[in-house]
Ligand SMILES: Cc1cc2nc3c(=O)[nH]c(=O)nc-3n(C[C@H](O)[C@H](O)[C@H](O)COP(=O)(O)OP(=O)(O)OC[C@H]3O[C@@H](n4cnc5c(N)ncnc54)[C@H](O)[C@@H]3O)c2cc1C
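So this first bit is one chain, no partners, the form predicted on its own, shown in structure tokens.
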Amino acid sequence: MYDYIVIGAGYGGLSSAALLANSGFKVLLLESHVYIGGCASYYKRDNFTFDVGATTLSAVAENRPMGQLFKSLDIKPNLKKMDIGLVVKMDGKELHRFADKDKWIEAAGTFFGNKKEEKIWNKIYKTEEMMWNFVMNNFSIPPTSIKEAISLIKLSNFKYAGLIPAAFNSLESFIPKSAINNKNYYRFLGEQLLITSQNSIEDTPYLTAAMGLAYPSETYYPYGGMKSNADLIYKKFIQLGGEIKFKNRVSKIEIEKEGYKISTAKGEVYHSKGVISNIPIWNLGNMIEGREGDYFRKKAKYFDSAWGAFTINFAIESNLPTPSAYYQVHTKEKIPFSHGNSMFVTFSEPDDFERAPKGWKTVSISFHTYVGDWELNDYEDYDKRKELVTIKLLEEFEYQFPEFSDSRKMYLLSGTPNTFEFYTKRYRGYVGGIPHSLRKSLINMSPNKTMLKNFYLSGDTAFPGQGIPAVVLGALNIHKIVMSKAETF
């Protein structure tokens, strides 16, 4: 019998498994795919490596989730801090999101002609700093008992009281009218929030909006792609005695007297004292029968929608440098079946030969889309939609980046929500987790600790939600709860 079985080898599951193995627990990791990484996985074509989802990394400082994980596991990632965390292309102009706060405030003020930039962004950065400090020092959020609730009401937390209004009011209510009435500024805020919080200015809580808007100041480029850090965590897990079984999709979770019985689609059965599920709540409810599974089914019903993504990956033959690896491009016209009016573009760095051979770059383009637009019974219609979007995105890329118009291109591969569902098994191909919303507060999200003994949730549909730093924070929280002996075997 295992101490813990971890379901899903995304970043949340990998981190949970490695942290527990590092503390001496006997851990089995079950993964339905042939690769690790989940929504931040990859695929290869000859000498090229393509990320399938997330392409940026942040929260690497020692007092942030990624930094704490790397330190705990004694991992040395190969990362490059981006001095320009993001380039915003809008109406033929470029705005550089400098890592340096003062340079960014000056650039934004000049670009948008807004004299109140310094006040707005100082408040955003202050809120982000306070929120990170709060969540890094309080691991039982949201509380699941009176005891945990009382533990949050301690003297050291009083300094965070100012975060309360930010959690229950929108970004729009915190931003001056002059900024809201600035058409381009409003567009910029809205498109970045769609990327980071997956919601609108009117409905995103200021608290999470501040974290999303500040993130480009700490953007890192991972050499080798997002898989490189996942590989380091995986190798550490194996080194610590952890076991992993690929192509083992969990089909059923049953509660036993001494723990849990885990059955897979291959007919294999495993037993453990505890479980950590890194799979989305939309999938989890179908694996647990009876009233125990009702909790997860209710959560899935409450958070009944999320976004899908349309992605294109290809390689270009070019040595031309770019100011940053990351671009948020406001498109000249709306791309068919896109929700917003921008696309996110990632270039591999010229010296990243793990992603592309010398003289070549990999390119990834993505945007938000409604999953319902791709759930078609007519396969011919589906293929036509996919081809249309691919053509329009490539046309937009050529228009926005004319310096690459003559570059040879290879391995043009498109993906829809259906693609994500096929490879990751995520319900309807939802990616990115639950949108941050005032209407459906993060407080209502499933906490890492559940009502079932020694049963925990990580991943982007459990608190604190979307993004690699968030799911890693969830893993850190689970480890702290286990090690605090809040529950014993």
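Computed from a predicted model, the values in this text were never measured in an experiment. Residue numbers here begin at 1 and follow the sequence given.
The form predicted in complex with the named molecule exists for this protein as well; it is not shown, and the discussion that follows is about that form.
**Q** Using a 4.5 Å heavy atom cut-off, state whether residue 48 contacts the named molecule in the model of the complex.
**A** Because no heavy atom of residue 48 falls inside 4.5 Å of the named molecule in the model of the complex, the answer is no.
**Q** Heavy atom to heavy atom, is residue 424 within 4.5 Å of the named molecule in the model of the complex?
**A** Flag for residue 424 set to yes.
**Q** Test of understanding: in the model of the complex, would residue 32 fall inside 4.5 Å of the named molecule by heavy atoms?
**A** Residue 32: contacts the named molecule in the model of the complex.
**Q** Does any part of residue 53 reach within 4.5 Å of the named molecule in the model of the complex? Heavy atoms only, please.
**A** Result yes; residue 53 sits at the interface with the named molecule in the model of the complex.
**Q** Just to be sure I understand the contacts: of 343, 210, 276, 279, which is the one whose heavy atoms reach within 4.5 angstroms of the named molecule in the model of the complex?
**A** That would be 279.
**Q** Since exactly one of 42, 70, 455, 420 fits, which has a heavy atom within 4.5 Å of the named molecule in the model of the complex?
**A** When the named molecule is considered in the model of the complex, the option within 4.5 Å is 420.
**Q** Between the named molecule and 60, 133 and 481, in the model of the complex, does every residue show a non-hydrogen atom at 4.5 Å or closer?
**A** Per the other structure, none of 60, 133 and 481 touch the named molecule.
**Q** Just one of 146 to 154, 100 to 108, 201 to 209, 247 to 255 has residues with a heavy atom within 4.5 Å of the named molecule in the model of the complex, so point it out.
**A** It is 247 to 255 that comes within 4.5 Å of the partner.
**Q** Using the arrangement in the model of the complex, list in sequence order the residues of 1 to 26 with any heavy atom within 4.5 angstroms of the named molecule.
**A** Residues within 4.5 Å: 7, 8, 9, 10, 11, 12, 13.
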